[in-house]
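A lone chain, given as structure tokens: the form predicted alone.
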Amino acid sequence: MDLLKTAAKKGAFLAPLAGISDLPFRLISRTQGCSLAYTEMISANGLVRETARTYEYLKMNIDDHPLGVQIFGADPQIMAEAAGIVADKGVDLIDINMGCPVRKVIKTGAGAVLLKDPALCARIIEAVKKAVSIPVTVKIRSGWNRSSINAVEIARIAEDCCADAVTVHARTADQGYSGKANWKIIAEVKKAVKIPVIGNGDIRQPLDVVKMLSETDCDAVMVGRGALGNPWIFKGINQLFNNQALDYLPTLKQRMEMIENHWKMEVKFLGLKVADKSFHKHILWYTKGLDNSHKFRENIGKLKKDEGLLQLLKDYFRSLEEA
């Protein structure tokens, strides 16, 4: 698949992170070298029912490409209809979520619980492929739990149903986001199928990408939580890909500038009301590990207005520079 091959040569992919991978976050990641980004997962039912809130997740612009949209659901026909809606928006590929372990998704029969029903997985992939002409990828987990590791089986089904690639998050559904990702599962999937395999799980620094590629032979690497408060990870990955010296960590000034730019994008694309509610989590990630961050975190938890937040940020970073 040319799109994935080209993107994989340029750098790492940004994972579909629920509540995080919105347009501003994707654009920020792209400024640092993210070569392909996915939206957070979007409900197929919401798309078909034309729910206004669901369509908010489809916000994109000309700089937000190549872009994959991840959809979730349990009904093949609804998934196919939703895929058609997404394809008409001009995105570059569609990803089918078969790995989300969150209870509210699982209880609808979607996400990682689909791994328990390989036949249904096949029907969903086939339906989506028939509905669109753009590439279709599938994101899975290692299995439902440690006694039912079936990533290879599901990957083979995806290949048989003409999926263009499969992403393997090397944790089981019952692990959630805890414990360690078992990259051996990614390697096993890579050996079992001919379609591109994208590795995901425990990429916390650029060198982890090199290690995953070496240990699994996967075709591309996807970064998830390692990008939280750290979009510079993509810059470091690109440096390694281009045989450059690893020099990606930001100065305090660069960190502050990134936070301000991210905030401005949130306000521009999502509106001040949404930004006020959603941006605090990014502030916590951006300042994690910095000196005296505990007190700063306590203070921003008491704020409600963006003006106070930005001023508190500037005062905090000024104190760090003067220390």
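Numbering starts at 1 and follows the sequence shown. This one's a predicted model, so the numbers in the text were calculated from it and none came from an experiment.
What comes next is about the form predicted together with a small molecule, which does not appear here.
Asks: Give me the residue from 220, 163, 79, 203 that has a heavy atom within 4.5 Å of the small molecule in the predicted complex.
Replies: That would be 203.
Asks: Taking 4.5 angstroms as the heavy atom distance cut-off, pick the stretch from 164-172, 186-194, 235-243, 85-93 that is near the small molecule in the predicted complex.
Replies: Only one stretch qualifies here: 164-172.
Asks: Does residue 313 make contact with the small molecule in the predicted complex, using a 4.5 Å heavy atom cut-off?
Replies: So residue 313 does not count as contacting the small molecule.
Asks: Against the small molecule in the predicted complex, would residue 225 count as a contact residue? Criterion: heavy atoms within 4.5 Å.
Replies: Yes - in the predicted complex, heavy atoms of residue 225 and the small molecule come within 4.5 Å of each other.
Asks: Does residue 11 reach the small molecule in the predicted complex, with heavy atoms at most 4.5 Å apart?
Replies: No, residue 11 is distant from the partner.
Asks: Residue-level contact is defined here as any heavy atom of the residue lying within 4.5 Å of the small molecule in the predicted complex; does residue 41 satisfy this criterion?
Replies: Although the small molecule is absent here, residue 41 would touch it in the predicted complex, with heavy atoms inside 4.5 Å.
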